[in-house]
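Encoded as structure tokens, the following chain is the form predicted alone, with no partner shown.
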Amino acid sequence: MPNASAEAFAPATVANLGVGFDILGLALREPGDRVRVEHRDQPGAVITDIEGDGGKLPRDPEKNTACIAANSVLKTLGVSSGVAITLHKHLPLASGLGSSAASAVAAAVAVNALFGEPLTRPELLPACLDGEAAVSGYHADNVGPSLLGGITLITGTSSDQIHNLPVPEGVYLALVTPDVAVPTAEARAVLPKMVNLHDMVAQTGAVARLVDAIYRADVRGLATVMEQDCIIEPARAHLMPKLIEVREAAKRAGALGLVISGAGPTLCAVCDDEKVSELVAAAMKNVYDMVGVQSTARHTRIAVKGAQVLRVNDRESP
């Protein structure tokens, strides 16, 4: 017998980590999306309400990432009943923080909890990918860390191809999100179709050095190498307002490096001190304030744990 309702949280993510396009990502302690699901006798998942999206997200069950992921879990479980979904969006859309992935992950985890958590987190991965695919393609650089937490190396779309890397203790992050949407499709459209051999060697070497720095907990080293993307950032830089100025301001405030988060326009600075990360966040926001661009800045850390069940109400509860 399913529970009456369940609620889950899925964290925002920073994909790519500069040089690791589509193969590296990390989870953030905050912000994230919440999904509440309630059992209903009719089959399938439906959207009851969405809060925080400004009316922009589709309510159509075949187009909403949370609904698609929820339906995928229901199908996997082989249940005949359905769920009603309330989605609490705390992530801006098209922001480079894995917004669509967080919604899909939170929905999958909530539905699984509603039925007593019969599936493990890795077993929920296909459902989360189904939801993400509706918006930005069938890849796990956001879904992986949001679902599983920490820093993930993604070499495919099955659970055995997502590898958790150690989380260095001294990493603090400062992020700024200007109020400028950069849809993933647009950010992918500007990428080069061919890469020359010199750049390929440089990029693969940088990824190897980044993984090495992560394992050695070398915060300065990982921040330095994250900035050495010679393929993706040059192609996307024109989509990120004031990228150069924000990077310069972040470093003057003490940041060790700054990269585009996912497809952008969120920019993520790496620091080695909590107070410094707070100052860096303010300095980055000030750049946008000076030119009249609305933005949101925050400082946070890497979330070791991924999506979490917040509460479950059984049928006997009031």
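What you are looking at is a predicted structure, and each value in this text was computed from that prediction instead of being measured. Throughout, we count residues from 1 along the sequence that is shown.
Below, we refer to the form predicted in complex with another copy of the chain, which is not included among the displayed structures.
Only one of the listed residues (V207, V79, V180, A84) places a non-hydrogen atom within 4.5 angstroms of another copy of the chain in the model of the complex, and that residue is V207. Contact check for D212: a heavy atom falls within 4.5 Å of another copy of the chain in the model of the complex. Though the partner is left out of this view, I23 does reach within 4.5 Å of another copy of the chain in the model of the complex, counting heavy atoms only. Though the partner is left out of this view, Q203 does reach within 4.5 Å of another copy of the chain in the model of the complex, counting heavy atoms only. Remark: I232 counts among the residues lining another copy of the chain in the model of the complex, judged by a heavy atom distance of 4.5 Å or less. Just one listed stretch, out of 101-109, 158-166, 132-140, 238-246, contacts another copy of the chain in the model of the complex at the 4.5 Å heavy atom level, and that stretch is 158-166. Interface residues of 171-201, taken as those with a heavy atom within 4.5 Å of another copy of the chain in the model of the complex (partner not displayed): L191, P192, K193, M194, V195, N196, L197, M200, V201, in sequence order.
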